[in-house]
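Here's a solo chain for you in structure tokens, the form predicted on its own.
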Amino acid sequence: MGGIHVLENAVVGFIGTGVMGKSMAGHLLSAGYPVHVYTRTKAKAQDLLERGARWAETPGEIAEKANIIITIVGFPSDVEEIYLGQDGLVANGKENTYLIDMTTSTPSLAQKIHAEAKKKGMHALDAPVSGGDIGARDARLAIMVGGDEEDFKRIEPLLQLLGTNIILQGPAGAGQHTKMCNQIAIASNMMGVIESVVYAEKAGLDPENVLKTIATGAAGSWSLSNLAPRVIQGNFEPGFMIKHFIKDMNIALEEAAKMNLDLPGLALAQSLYRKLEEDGLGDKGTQALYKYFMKSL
């Protein structure tokens, strides 16, 4: 096989050092990889720079210096600019570079990036993640990958530094479709989790005691175990921002419409979260859905 040996000669570029990206880039630094970082707000990368990461002024500069580039940014428009823009990764990258987009984006854009990268002799994978800030911090993310199997096998050792459940789901775009399945399941589950906490409080129960019981039974879920405690503590800071969750739900509903598929639970969740965004809570965590119910009481 041509290209690079991931574990020996990798120079990593990392774009997007937000809630999750900062921890993820940190794991790569801890593993001894040289890491070049770019993010729109340089202050968000300061901790990484102090640990030895090198700053790049543009995505194009990242492309010139790195042969494995990971991105985790906000919206599909950001992904398209970073990959396909004039100063982007595909235009400025080297042959045999591996491009790994871990943003939750659209399957069609992942397929487009894959095709454009292939024209330049580059290898593109869509690899969105689930697990939030906790999963990123603990390197226990679920990583759902779309792309060519040979490329996946080459890059898998690097992904193992970031997650514990890493599965190639199919060709380009399959990772993004899988992430939509993830977000669809979360959307209705989050409504149930928050309604459960609200019900416990209104019934005069101790919600912490309730959680100790129901989290170990059939109601158990990641959101119930990890986000319900934050609600009870009044902590609505983001492990995953509402505005990004709305973006994901929009993508899932658009993809569902293309398949003539009706998803009423997802549509309801989207409508509730949109109301929170209208109230200025778009930068809060998804558990801030609690505030919708408090407002309506």
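Each form is matched to the other, and the largest set of C-alpha atoms that superpose within 1.5 Å is called the rigid core. All residue numbers are counted from 1 along the displayed sequence. A quick note: this is a predicted structure, and the numbers were derived from the prediction, not measured.
Keep in mind the form predicted in complex with another copy of the chain is missing from the figure; the text below concerns it.
Residues I184, E255 and L268 are all found to lie within 4.5 Å of another copy of the chain in the model of the complex, as judged by heavy atom distances. Taking the partner from the other structure, another copy of the chain in the model of the complex has no heavy atom within 4.5 Å of any heavy atom of P157. By the criterion of a heavy atom within 4.5 Å, G121 is excluded from the residues contacting another copy of the chain in the model of the complex. Put simply, I232 is far from another copy of the chain in the model of the complex: not one heavy atom of it is within 4.5 Å. Taking the partner from elsewhere, V90 is found to have every heavy atom lying beyond 4.5 Å of another copy of the chain in the model of the complex. Stretch 219 to 227 is the contacting one of 91 to 99, 149 to 157, 219 to 227, 113 to 121, since its residues have non-hydrogen atoms within 4.5 Å of another copy of the chain in the model of the complex. Only one of E57, D47, D262, E237 comes within 4.5 Å of another copy of the chain in the model of the complex through a heavy atom, and that residue is D262.
In the model of the complex, A174, H177, T178, M180, C181, N182, I184, A185, I186, S188, N189, M191 are the residues of 171 to 191 with at least one heavy atom within 4.5 Å of another copy of the chain, listed from first to last. With the core held fixed, L227 shows a CA shift of 2 Å or greater between the shown form and the other one.
Relative to the superposed rigid core, the position of the CA of L268 differs between the shown form and the other one by 2 Å or more.
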